[in-house]
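Listed next as structure tokens is one chain, alone, in the form predicted alone.
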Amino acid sequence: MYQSFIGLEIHIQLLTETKVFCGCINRFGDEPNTNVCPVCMGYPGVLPALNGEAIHLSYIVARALNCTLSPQAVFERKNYFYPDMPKNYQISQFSSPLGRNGWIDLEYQGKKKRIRIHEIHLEEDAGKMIHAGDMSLLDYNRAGTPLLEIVTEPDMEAGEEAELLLQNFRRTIRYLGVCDGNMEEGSMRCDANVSINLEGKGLGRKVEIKNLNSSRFVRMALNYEIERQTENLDKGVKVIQETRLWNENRDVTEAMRTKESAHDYRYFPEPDLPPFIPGAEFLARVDKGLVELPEARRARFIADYGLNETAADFLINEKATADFYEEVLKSGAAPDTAASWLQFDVRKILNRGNQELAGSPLTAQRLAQLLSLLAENRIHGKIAKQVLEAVFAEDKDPARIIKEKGWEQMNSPAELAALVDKVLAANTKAADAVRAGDEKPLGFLMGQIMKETGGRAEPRLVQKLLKEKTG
């Protein structure tokens, strides 16, 4: 039996206004090669200067991932030639990264597991290569973007575990507000390391897989690679320590190059950047930047609001949704009712219009008002759904909508009794059938009454009156 060992190298671009060592704007999607300067283009004689916000956000992530913070963060030059790195070296960290020995707790297949964080270090991103036919184009806008690398220990064993960790990590950094986690745009990227060996024999030969731009591809690539290495070992073929690419069109990994070792990069201290030493004031500001993280919020939602796991998972998946939910509750809405409306009716409208909750016409106050009208019996469930649609379509408060459209529920027993008598008199055949014990026509009679009232009659009261008058 073989045992597999999986570790991830996760890279996130930090949400700073400017690049990490120069004043160029840090923004995705601009015209190629417009956000560049002599520093990020590596011109001779230029001097880098550390971006204070980048190091601040980096330490927030390190603290959130339970790392031991380094008393000093040292920057080094990592030397390699590649067309997307104009300087032919990358300013990174090697001997003294800003955080070590952290962890992420994972629940996988009903069991809790701790995935250790080896280190977290800050570096500059490379540019971007665009391959078009027989040409390769270079866009250096991304060169110098602050890039935080999180390196896990090889504590995972299956592609599904790695996929789950990536999804949880993405949610965490979005909660912290340090990165948008958009893997399609490259602001979050992942390289995966995998080796297999006979059970109990420790790590095997490590293979690194690059070009993974979704958590699904991470899962698929790792599971493919585990299967490929298993077949090789079964045949007596040695696994080569190398870097491979994931071919998403063929769903296979392909050899790229022999894996480098640390000495290949010839690390040496960056002479133009002094070590960064975090003081007490800086660390206090880091602590202020921490927020309640998704897993803690999930546990609290279940304990405090009595939600089931499915509802809690949905609500905490995006911080904006969880914040919105708690704002609705502040206005007095019942926790289970508010959760249900957000999970089903609101989500359906948002998905249909490809909208986000934040910035939509539905505010927390409007949803709370809608649920209050429902709880006070001023509207029933079907009308409430129509009101919700109108809130999105007309950008108005629910109370104003029901007033303008005359949708307020009819609750008067006397008024509804008269309408029931009218409908029964007009549909004697159906009424007689019910009186004779056939309950099927009740639905028809109910529909006629709702038609008479434009859907405003209180359904339960109508049902009660119908049964009394045909009993």
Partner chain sequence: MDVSELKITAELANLNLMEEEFVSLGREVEKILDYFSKMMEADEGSLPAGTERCGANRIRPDEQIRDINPDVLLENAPELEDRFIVIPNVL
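Source: prediction; values computed, not measured. Residue numbers count along the first chain shown, from 1.
Not pictured, yet referred to below: the form predicted in complex with its partner chain.
Student: Ok, 134, 234, 199, 376: which has a heavy atom sitting within 4.5 Å of its partner chain in the predicted complex?
Tutor: Result of the distance check: 134.
Student: Identify, from the list 252, 283, 320, 138, the residue with a heavy atom within 4.5 Å of its partner chain in the predicted complex.
Tutor: Selected option: 138.
Student: Given a 4.5 Å cut-off on heavy atoms, tell me which of 441-449, 426-434, 46-54, 60-68 is the interface stretch with its partner chain in the predicted complex.
Tutor: Correct option: 46-54.
Student: Should residue 272 be classed as touching its partner chain in the predicted complex when contacts are defined as heavy atoms within 4.5 Å?
Tutor: Residue 272: yes, in contact with its partner chain in the predicted complex.
Student: Taking its partner chain as it sits in the predicted complex, is residue 411 near enough to touch it, meaning that at least one heavy atom pair lies within 4.5 angstroms?
Tutor: Residue 411 lies outside the contact set for its partner chain.
Student: Does residue 130 reach its partner chain in the predicted complex if we count a contact as any heavy atom within 4.5 Å?
Tutor: It does: once its partner chain is placed as it appears in the predicted complex, residue 130 has a heavy atom within 4.5 Å of it.
Student: Is there any non-hydrogen atom of residue 276 lying within 4.5 Å of its partner chain in the predicted complex?
Tutor: Contact check for residue 276: yes, within 4.5 Å of its partner chain in the predicted complex.
Student: Considering only 1-40, what residues come within 4.5 Å of its partner chain in the predicted complex, judged by heavy atoms?
Tutor: In sequence order, 16, 17, 18, 19, 20, 21, 22, 23, 24, 25, 31, 32, 33, 34, 36, 37, 38 come within 4.5 Å of the partner.
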